[in-house]
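Taking the form predicted on its own, here's one chain by itself in structure tokens.
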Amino acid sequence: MTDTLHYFLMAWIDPHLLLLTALGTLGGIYIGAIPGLSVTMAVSILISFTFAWDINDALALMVGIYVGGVYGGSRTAILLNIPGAPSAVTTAFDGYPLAQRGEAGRAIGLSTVMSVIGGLLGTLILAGTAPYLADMALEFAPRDYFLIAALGLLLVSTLSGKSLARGIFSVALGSAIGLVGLDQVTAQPRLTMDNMQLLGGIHYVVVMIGLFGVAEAFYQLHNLNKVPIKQKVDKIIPPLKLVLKFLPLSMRSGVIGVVVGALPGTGGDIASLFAYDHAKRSVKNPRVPFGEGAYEGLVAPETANNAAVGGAYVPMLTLGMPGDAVTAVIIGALVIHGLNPGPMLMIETPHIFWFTVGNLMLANIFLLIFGLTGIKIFTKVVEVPKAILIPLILVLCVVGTYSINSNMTEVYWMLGFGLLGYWLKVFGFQMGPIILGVILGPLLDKTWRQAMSSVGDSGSAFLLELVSNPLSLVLTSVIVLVLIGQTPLPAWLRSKLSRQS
């Protein structure tokens, strides 16, 4: 217990870690607020600069950027009707109308307080559930990991945008990239095209920096001459009465955020959509209609997207599977530092888990401080010309990639993935599913063959195990339900029930 408390408070009592967490949170708010700069891009570039750092230092900075970045997108969503991040898209629905009515300051203040409530709730649920899930995960057989990886890929493909076909293509592309190199079981070259340099595979940090950093920078060239809109901001701190009024909705939205965030391949953007939908269904008489400046339409998504941060850490720390694109990048950081994300992480390195929990809690405290102050400086920073910002991002991407292995070939790969990512973004593809495919594809391949080997390569015996083992049966049922959910059957049933009622 004493050790746990020490790990939890490590970032609170060490001035160096305290400063890194504060800097990360502050930087994350500004990075998340600038349209086109995603928190995933920031964390992926940061990894290459933190190779030589102590793991606690690297994690403190990353956690701060993650927490601040998820919140930061709401500011431009409210002030400019331009979500700084996908998780803030729903915030703009009612946040911008509030700003147009002259309530920008109150909207920013309320979104800050609700984001902190969501973040703290997500962290508490992470601390309470992850140790038990990790113990359960030790009992998982390879077939269970196969089913979880399959479920993650399935959710990625179905929840990654408006087009199912694009989602499936993105996941398949990411999986193919992840399979390049020597076969994990037979050590045979795979997808290497007889190129010796591909035998070791493609470092997925290189892929991440290319897809999230370079591709985003290229894509922002479309908006190079766009003039920022200026807004007047005042009366930022919300009245306690207003916060207490929306607390029940905030708690419900926070739970939605944690649950959705814990599903592999989802994240804050899906969580905020679910929470907004819940608010519309459950709040019968808002002060003004949803979409025209309802506080409820601001409270629900802002609580959910920050609660999803804690949720995303649950599968990452207990199963070694990313909850979203940012935790996929953080898994890379843990592996680079010699750690083993998954159930053994809690046994071999419990200090990492409790340090992360304490760090998330601290980052949310800093979020409250920075979120309610410095708004006027913020409005100046978001007006930095793209002509200055984009070259700076490209230089960071090149330097960061080269610092991984001092290898110029990886820089060329990174630029190649940047061009590929730009082309995919132009045609409406999302980058997150590709990265999750890179992570989950090899895991799916490895666990499938382990599971088949354990039953003597018998397909019928494998299927029997899926329904005879309780855990496998639950996971198989969930996969079947998700697949049925993508067919016209649910819509037909709802239509029939509606007609009967």
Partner chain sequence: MKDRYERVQPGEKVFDWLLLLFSGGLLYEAWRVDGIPSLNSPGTFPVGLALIMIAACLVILFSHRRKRRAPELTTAGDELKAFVAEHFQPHIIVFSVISIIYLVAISWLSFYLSTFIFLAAMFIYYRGGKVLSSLIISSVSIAIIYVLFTLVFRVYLP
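Worth saying up front: this structure is predicted, and the values here are computed from it rather than measured. Residue numbers count along the first chain shown, from 1.
FYI, the form predicted in complex with the partner chain isn't displayed, but the following is about it.
Heavy atoms within 4.5 Å of the partner chain in the predicted complex: which stretch in 355 to 363, 273 to 281, 180 to 188, 98 to 106 meets that?
Looking at the partner contacts, the answer comes out as 180 to 188.
Within 4.5 Å, heavy atoms only, which of A387, L240, I377, M196 is in contact with the partner chain in the predicted complex?
That would be A387.
Give me the residue from N340, T129, T373, T192 that has a heavy atom within 4.5 Å of the partner chain in the predicted complex.
In short, T192.
Every residue in G418, G485 and W492 with a non-hydrogen atom within 4.5 Å of the partner chain in the predicted complex?
So, no: the whole triplet misses the partner chain.
Given that the partner chain is not shown alongside this chain, does Q430 nevertheless sit within 4.5 Å of it in the predicted complex, heavy atom to heavy atom?
No, Q430 is distant from the partner.
I'd like to know if D457 sits close to the partner chain in the predicted complex, meaning any non-hydrogen atom pair within 4.5 angstroms.
Yes, D457 is a contact residue.
How about P391 - does it come within 4.5 Å of the partner chain in the predicted complex, if we only consider non-hydrogen atoms?
P391 belongs to the contact set for the partner chain.
Do R287 and the partner chain come within 4.5 Å of each other in the predicted complex, heavy atoms counted?
Heavy-atom contact with the partner chain at 4.5 Å: absent for R287.
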